[in-house]
Structures are given as structure tokens and as C-alpha cells.
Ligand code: ADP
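Coming up is one lone chain in C-alpha cells, specifically the form predicted alone.
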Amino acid sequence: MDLYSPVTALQGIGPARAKQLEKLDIRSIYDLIAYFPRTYEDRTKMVALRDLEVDVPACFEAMVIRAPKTAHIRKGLSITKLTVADNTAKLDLVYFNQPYAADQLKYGETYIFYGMLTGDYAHFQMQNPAFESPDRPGIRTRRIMPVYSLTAGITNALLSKCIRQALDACLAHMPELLPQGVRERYDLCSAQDAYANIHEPKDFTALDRARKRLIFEEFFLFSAGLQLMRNRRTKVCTEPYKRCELAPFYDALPFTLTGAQQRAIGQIAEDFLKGTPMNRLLQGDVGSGKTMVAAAAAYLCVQNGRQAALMAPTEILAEQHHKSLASLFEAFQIPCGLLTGSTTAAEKRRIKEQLADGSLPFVVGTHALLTEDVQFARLDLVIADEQHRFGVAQRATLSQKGSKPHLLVMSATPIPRTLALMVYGDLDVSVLDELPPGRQVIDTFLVGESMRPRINAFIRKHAAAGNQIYVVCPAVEESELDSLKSAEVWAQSLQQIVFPDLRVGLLHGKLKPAEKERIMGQFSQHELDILVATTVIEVGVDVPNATLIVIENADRFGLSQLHQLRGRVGRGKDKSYCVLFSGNKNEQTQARLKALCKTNDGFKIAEEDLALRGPGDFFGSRQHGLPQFKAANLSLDMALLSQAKEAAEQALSDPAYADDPTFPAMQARIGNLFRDESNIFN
């Protein structure tokens, strides 16, 4: 039996039990050992009966002073009652459907109990407390008890028993993945001690050391895997670009680029000179000018006699990019094509011919670029806008139309830099942390339902001035979430009751793509005054005439998501506003929403969101297929992340590391973690 034997190799786990465990992603013995508790109960502290507190779990030692009696109330329901006492008080215990308690709890014998007091001074009692003899080692009492996430048919006791079996069978053979020098430098316990104490900690000091070791190990393996992916990339050779003068490009712009934009362009230009394919993430807040950086990259590509393609997630966004870039590239006699689902058949045919013969050096498009009949003569730069809308496979499909092309992915979702290095660790990261001059600050207000009449008047005022309004709802249909504003019902209410004289549209993710495009086109052309929508408008929509966004049930959104929604306004010359409706009085929720009102800095908001909500928002849309963490919590363990990342990079930079006895086990584990990334070690 080894670590990767199926769980059925253990006694008492047959096919049916194995199927239940599989729902917890437990298939092998190692999966059992690496299934860490979600929390722990401190059952080490003993208290006297008189010191028990209502609703506070505790351990106590007491003697049975009234023999257990079981009554069968009705078919399938039995109640066992008894009384216990110590030298401070006595207490009634009640067991539901546990008749064995009457057989095991003997009159006049003393036991250790663990449970929670209920009732009041008139009658305290305890229901279903765990118990065991004080003469035996503590299994359910007098210990730190692990509590696991469970599924139907699997109890905490059963899972603990399975894990105990797995530890007995294989803990002695647990491979050490961290070099001895790393363990000594960062004061880390051995792998065997870590896995033993994460499940059955001797004390809280041992538990803390186990957690530290396992978190460090996860980050070390993850960082090493990403570094190996980067190393693999640097082995791929491509023809380096000739150094091009960027002054003509800068001179053609009607504005001066920010220092951050120029820095990012410089990083991209250097990538082009290296002779290896660029893999770079361009991360910038809403309005930070990512498109102009992408334009500079395309300019350098075309100046070197090659083709560039920019892929956008929607037709509207693709059309916006084409409109701004085509006019810019016209100054350099560089034609720029547009290829979307709506492009006419004749135009599609013409563009495909020009891409195939190389006469069209730059194209902007949607998923239409991915079809088999779109071929390039020399595609050498792939730009993916709003990268989280595209999976790895889609980016790869476009990249395969060229020979080892450079890749630039753009994201308008600010992510704290340390976290970005983990989410996009296989990419180099450029950050646009400055907004162009003249970009206006959006005033944001948090209001309750009592302000509804004033906000409705505010909406009417903006519409009367010829401006447009977004109204964002968290749900599409009324049945989805009872207490939330639904887009369908709210749009109907606004159109028929509140603003019958205004033009109200409805946009949500359940509509067909063509219908979404049609409605968004109506709003862009000012054929609608108010657009009621779900978060489908979160990214990429650019309507300079929109000056007000009202977000219903704002507490149901993450801060970074609210910031993205807010970025839909403030894109024109008129002063813009964001109104957050929330009836949630929770202090943390109020503090979170007020933080959005205080700043327009997306990176500060992202830091706040990470601290308050953890990394879920950022990882929710990640499509890398990279592993999730079992022990680590990115919002709490950032210091260990930095240490482990540094340790991994140092280890891999040392040629002697390949001869370290821990190297094969580390290599195997990383290969398993990154199994979707083939040939990671090549």
C-alpha cells in the first residue's frame, strides 16, 4: 500500500463508501491525509459543572447519579435521560435516538463529557454530549478535535477514523518535499510531524507549526511550478525584433501618455528584443489607458513586418477598439481590420484573404478570429482584452495561428500585486497605476431605501439634461433571490410606474448574444435613457453619455466588482455619480461599502476587498486551471507566500538542487499539481 493507492485499500472502505468520499475529492490515501480540517474544537479545558455557560461547548468530569432511562415516544424516536453530578452541581443529560447511551453510561461511574449547556435557571440540561471513560486516552474529549467539511453519509467521526487509518498506513512513508536547508532557514517542522499534527495536534503550538509547514509547502510547490513554467517558456526561441523608434508613435497621439503607460510600453519593447515569446499581463484600473499600450505593442509588431491581432469579448468592445485604433494607425498608413460575427460576408471574405496573404497587418475581432478559416501569414502578437473572459484554450487557439507569437493579456480588474503574481505567476506583470490627466473622479454615495424619492428625482434630472443612467440589479428574475431587486421586475416597474415618459431597456446574461448586442447598441446610440442590467455590463461598455449608475442591493457585490461597475460612468465630459443602495446594517458591510465611497483607486479597493472577503473574488474568474490551496489562505498568509516564493526561486536557481534527495518528490508533486500544463519540466 502506498500514498496513491485507492481509498478502498483501507479496511472498511468499500465501493459505496469510496463513492461518498469521492464527493469530497478524496480518491487516494494521500487525498485522505491531505484533507485538512476546516476548524478545530478546543476540548482540552476541563470545567466544573457550576462553571458551564449556556451555548458555550465545554468538557467536564461527572458521575452518573441517576441511572439512564430510555422512553420510546413514537416509532423511530427514543429519548434517553439521566443525571450526572460533580462536587459543585448536578445536570440532566438527554440523548435523542441514542439508546446505546443507556447501556454504556453506568450508574455510579464517572465519565468525561463534552457538550453545550442549554436552557435557563429554571432547568438547565445538555443534549447528546460526547462521553468516554477517564481511564482511556481521549478520543472525543480532552484533546483538540479536528472538524472536517462533510458530505451526505460521511460523519466527522467516520472521516477521522479513515484519516487515522491512512496515517497509520502511510505516514512513515510520507516523502519530504522541502530541502533541509529551507526547513532550517524558515524553522519548519518535518512533513511527517506536519501531517500528524494537522489532524491530531498534541497542543496548539504543534498545530501552529504544522499549519506553517503545510502552508509554506503549498506556496513553495506553487511558486516552483510557476517558475518552471517560466523557465520552459524561456527555452522557446523566436526571432527578436529590431529596435524601433517610438517617437513617431508618441507624436501621433493627441495626448501625452502617463509615466506608467510609457513604463509598460518600455517593458513590452524589451520583451520583443529577447528572442523568446513574450507572455505579459497588462493590469490597469478602469480608464488607465491599457488600449494605448496595446496599440504601441501592435505598432512595434507591424513595424517589424509582422501581424498583430486584438481579441475582445464582445462585438461592442471590439468595435470601440477598432474605431479608436483604426484612426490612430491611419497616420502610419497601417490598415486595421474588424472581424466579428456581424461583419458582412463579403467583408469577412476580404479580411480573411488579406490576413492570409499578409496585406492586413492588424485586426481587431471577437471569437470570430478563432474560426478555422481565419489564417495569418505571419501572426506574431496576440492581444487578449479583458482576459478573464477568455479561457486558456481560446487564447491558445488564436496563438496557434502563428508561430510562437507574443502574448499580451489585459485586465481591468485591479489585483494586489502580490496576489497577481500568484494568479498570473506564469506571466510577467505590468501595472498601470496612474490615471491620465483630466480623468474625473466619480462621486459615490451609500443610501438606504428612505432616499428612494430623492434618487428617482436625481435620475430624472440626469435624463432631462440629455444624459443616460445605468441601474444594476443582482438578480435576473424575481424567483432567484427573494429579497433582492430583480432586473426584469425592476425594469418593468421603472418603465410603467416610475418613469413612464422615459425609455427603459433591460439587459442580462440570459439573453442571446445577438439580443445583448442589440440592446447595448440601443443604449450606445442614446435610443434608451435608462438601462436596467445585471453585472453583464461590468466590463468593456463605453458610453460617454452615461453619467449616473445606481446599484441595487450593493452589499451583494464584492468591492472590486462594484468598482468595475462604477467605471461604466465618468467616461465623458460631464460630472458622473454612483449611488449604492443597501439596507444591510451589518457593521462590516457598512464599512466595506463606505470604503468604496472614499476612494476611486482600484488598487486600494482591491487591497480592502482582499482583507475583508479573501481571494475568492479574484480567483473566481481565473481560468488558468492552476491548483487551489488546501492549507493556505491568501488573505491571511501573505508573509509566508513571500518567503516560500523566495525560497523556491533560490532553490531552482541552484544547479545542485537537482541532486537534493527531496527533488524527485517535489518534481512529482508539482507534476501532479500542474497536470493540465504538459511538459512542465521540459
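None of these values were measured; they are calculated from a predicted model. Residue indices: 1-based, along the sequence shown. Take the two forms, find the largest set of C-alpha atoms that superpose within 1.5 Å, and that set is the rigid core.
This next part talks about the form predicted together with this ligand, which is not shown.
> Only one of 272-280, 515-523, 486-494, 289-297 has heavy atoms within 4.5 Å of this ligand in the predicted bound form; I'd like to know which.
Contact-bearing stretch, as computed: 289-297.
> Tell me, out of Asn600, Gln261, Thr314, Ser560, which residue has a non-hydrogen atom within 4.5 angstroms of this ligand in the predicted bound form.
Comparing distances to this ligand in the predicted bound form, the residue within 4.5 Å is Gln261.
> Since exactly one of Thr256, Asn231, Gln98, Gln588 fits, which has a heavy atom within 4.5 Å of this ligand in the predicted bound form?
Selected residue: Thr256.
> Check Glu217 for me: does it contact this ligand in the predicted bound form (non-hydrogen atoms, 4.5 angstroms)?
Glu217: no, not in contact with this ligand in the predicted bound form.
> If we define contact as a non-hydrogen atom of the residue within 4.5 angstroms of the partner, is Arg140 a contact of this ligand in the predicted bound form?
Arg140: no, not in contact with this ligand in the predicted bound form.
> Asp285: heavy atom within 4.5 Å of this ligand in the predicted bound form?
Because a heavy atom of Asp285 falls inside 4.5 Å of this ligand in the predicted bound form, the answer is yes.
> So, Asp542 and this ligand: in the predicted bound form, are they within 4.5 Å at any heavy atom pair?
Yes, Asp542 sits close enough to this ligand in the predicted bound form that at least one of its heavy atoms falls within 4.5 Å.
> Taking only heavy atoms into account, state which residues of 557-595 are within 4.5 Å of this ligand in the predicted bound form, ordered by sequence.
Contacting residue: only Arg571.
> Does the C-alpha of Phe249 move 2 Å or more between the shown form and the other one once the rigid core is lined up?
For Phe249, whose C-alpha is compared between the shown form and the other one after core superposition, the shift is 2 Å or more.
> If we fit on the core, is the Cα of Ala260 displaced 2 Å or more between the shown form and the other one?
Where the cores coincide, Ala260 still shows a C-alpha shift between the shown form and the other one that is 2 Å or more.
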